[in-house]
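To begin, one chain is listed below as structure tokens, in the form predicted alone.
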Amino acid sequence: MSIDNYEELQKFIDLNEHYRTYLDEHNNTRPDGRKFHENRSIQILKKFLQHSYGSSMIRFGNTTVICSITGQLAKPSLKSLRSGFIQTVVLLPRTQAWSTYGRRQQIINENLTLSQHLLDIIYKSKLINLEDLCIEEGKWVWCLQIDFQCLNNDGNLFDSCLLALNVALHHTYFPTVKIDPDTQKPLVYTKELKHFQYNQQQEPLCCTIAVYEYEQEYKYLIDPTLEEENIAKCILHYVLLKNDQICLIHKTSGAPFSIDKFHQCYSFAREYILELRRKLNQ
């Protein structure tokens, strides 16, 4: 590994010390030039994939995520004859996941955890009604497959995935399905598309905050990079609905938090998510 300058050497040896040194020399500024409560540039590309029902690509700085929505015909569960299914899968870059065995297992666990969190948010926010996935009661339903492929992970995956999901859903079109009266088999008409109906009044979006301890005080870093996530005392995730109602608050183990600090971080999250909504509706 080549080390070009002293700053890169310091980051390689002790990332925490690098951040402390930088904050001593630059008041309220992070090493990438942003203020503590400033997010990276956000780029949104709609209808990114040709052969999916809905798709999007989102870039938060160097973090790049593709969301793809597809569907398969399935038989409904006997417990609910009118309800379809939803599956979510998050995949990190293979080059990152297969570096060493220990790191590989950790990333696999992170993938599973993030996939489950996203599925829980879809259910809890009632973003998608499972009965809207019914084609014919007791016979055929849609199994909705939502895949998140991370092309580059530089932190803040949670925010990126949820924004990508909302953008993709807004441009999702399903083929028309009719049941053959003779054979009772489904006939799929790929040229007759209809817009997928979901609950646009919910629109859950996430704000990730890295809590960093500096001079016995907590600094709250909005839209953290991967480096900032690695040195954080803890990570906070605030998921808010369209009316600013809290859908989820998740905190990793670490620094203890008072109610006042949770309220303070909520105000940061609300302002940040308001900006995400502006981007989403452009």
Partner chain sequence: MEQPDECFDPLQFAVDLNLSDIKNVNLDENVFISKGLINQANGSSSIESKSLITQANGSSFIELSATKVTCAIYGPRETSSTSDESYSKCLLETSIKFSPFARQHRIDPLSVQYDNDEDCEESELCSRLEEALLPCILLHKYPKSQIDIIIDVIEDDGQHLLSAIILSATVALIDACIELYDTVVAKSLKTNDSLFTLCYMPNLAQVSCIFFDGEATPNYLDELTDEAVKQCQLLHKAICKVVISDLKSAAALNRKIV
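Keep in mind that what you see is a predicted model, and the values were worked out from it rather than measured. Positions refer to the first chain, counted from 1.
Omitted here: the form predicted in complex with its partner chain. The next part is about that form.
Peer 1: Please identify the residue among 253, 50, 27, 216 with any heavy atom within 4.5 Å of its partner chain in the predicted complex.
Peer 2: Among 253, 50, 27, 216, a heavy atom within 4.5 Å of its partner chain in the predicted complex occurs only for 50.
Peer 1: May I ask you to choose, among 113, 197, 183, 190, the residue with a heavy atom within 4.5 Å of its partner chain in the predicted complex?
Peer 2: Looking at 113, 197, 183, 190 one by one, just 190 meets the 4.5 Å heavy-atom criterion.
Peer 1: Whether 172, 235 and 261 jointly form a contact site for its partner chain in the predicted complex is the question; each needs a heavy atom within 4.5 Å.
Peer 2: Contact check failed for every one of 172, 235 and 261.
Peer 1: Against its partner chain in the predicted complex, would residue 202 count as a contact residue? Criterion: heavy atoms within 4.5 Å.
Peer 2: No, residue 202 sits far enough from its partner chain in the predicted complex that none of its heavy atoms falls within 4.5 Å.
Peer 1: Is it the case that residue 130, even though its partner is missing from this view, gets within 4.5 Å of its partner chain in the predicted complex, heavy atoms only?
Peer 2: Yes, contact at 4.5 Å.
Peer 1: Would you check, heavy atoms only and a 4.5 Å threshold, whether residue 244 touches its partner chain in the predicted complex?
Peer 2: Residue-level check for residue 244: no, no contact with its partner chain.
Peer 1: Flag residue 147 as yes or no: does it have a non-hydrogen atom within 4.5 angstroms of any non-hydrogen atom of its partner chain in the predicted complex?
Peer 2: Because a heavy atom of residue 147 falls inside 4.5 Å of its partner chain in the predicted complex, the answer is yes.
Peer 1: Check each residue of 118-147 against its partner chain in the predicted complex and list those with a heavy atom within 4.5 Å, in sequence order.
Peer 2: In sequence order, 119, 123, 130, 140, 142, 143, 145, 147 come within 4.5 Å of the partner.
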